[in-house]
Ligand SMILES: Nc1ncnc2c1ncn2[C@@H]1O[C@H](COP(=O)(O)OP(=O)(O)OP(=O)(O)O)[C@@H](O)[C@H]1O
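One chain follows as structure tokens, the form predicted alone.
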Amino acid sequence: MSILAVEGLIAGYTASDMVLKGVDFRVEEGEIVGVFGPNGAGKSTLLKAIAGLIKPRQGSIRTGGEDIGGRHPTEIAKRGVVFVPQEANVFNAMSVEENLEIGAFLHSGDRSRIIGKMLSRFPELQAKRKAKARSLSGGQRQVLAMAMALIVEPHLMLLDEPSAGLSPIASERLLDVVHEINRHGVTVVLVEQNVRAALRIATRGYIFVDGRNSVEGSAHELASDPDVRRKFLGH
């Protein structure tokens, strides 16, 4: 059974604007699945629908054999599916530690232990635990956002363009962090504009065009596809 199975998904922001027009999408346990495509293709909308921020008009979103389509985001997070948006994903006026405390709100166990675990896991956060989030670099803020999501010990993490606005070096480093999170047992769906770097860590990928699946394949297949190379890799 796939850890995530989306079938025939139609969803959007208004009744007259269905951004997703019948998407089929699956993720197997342990994968990093990249989602690529031009602006407006529906990549972020897919993540928001899975996370419960947008109610599907039609179709199903299943995890663990259960249809979670249209459920409240908190319910979905409690089922181990977490979403890290591209922007507004940390509280800038609060310290790193305070942000992690907010992330621990849904954790049912020892919150101090899990916060300590996150600080130990990400040394750059440990070093700045008392600093305001606004003082962090762009890459460090994204690491903090991911650490907040990891506190609920999810099995599936949805990342919406985590490297947006970062330098090429910072982008590569951040995707290395994503890869490490995956190696620790968290399956990842990654929407990313830096297709070349994302394919370096991805297992498989989907390319969306106009709210529909256009191309699907292994990371190697996509990186070798002449059309994908021309449109997304610059050669």
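One-based numbering along the sequence shown. Given the structure is predicted, the values throughout are model-derived calculations rather than measurements.
Just so it is clear, the following notes concern the form predicted in complex with the ligand, a form of the same protein that is not shown.
Shown without its partner, this chain lists Ser171, Asn182, Thr45, Thr63 as candidates; in the model of the complex, only Thr45 has a non-hydrogen atom within 4.5 angstroms of the ligand. Residue in contact with the ligand in the model of the complex (any heavy atom within 4.5 Å), chosen from Gly40, Gly30, Gly70, Gly59: Gly40. The chain is drawn here without the ligand; in the model of the complex, the stretch among 163-171, 182-190, 31-39, 197-205 whose residues come within 4.5 Å of it by any heavy atom is 31-39. At a distance threshold of 4.5 angstroms between non-hydrogen atoms, Gln86 is in contact with the ligand in the model of the complex.
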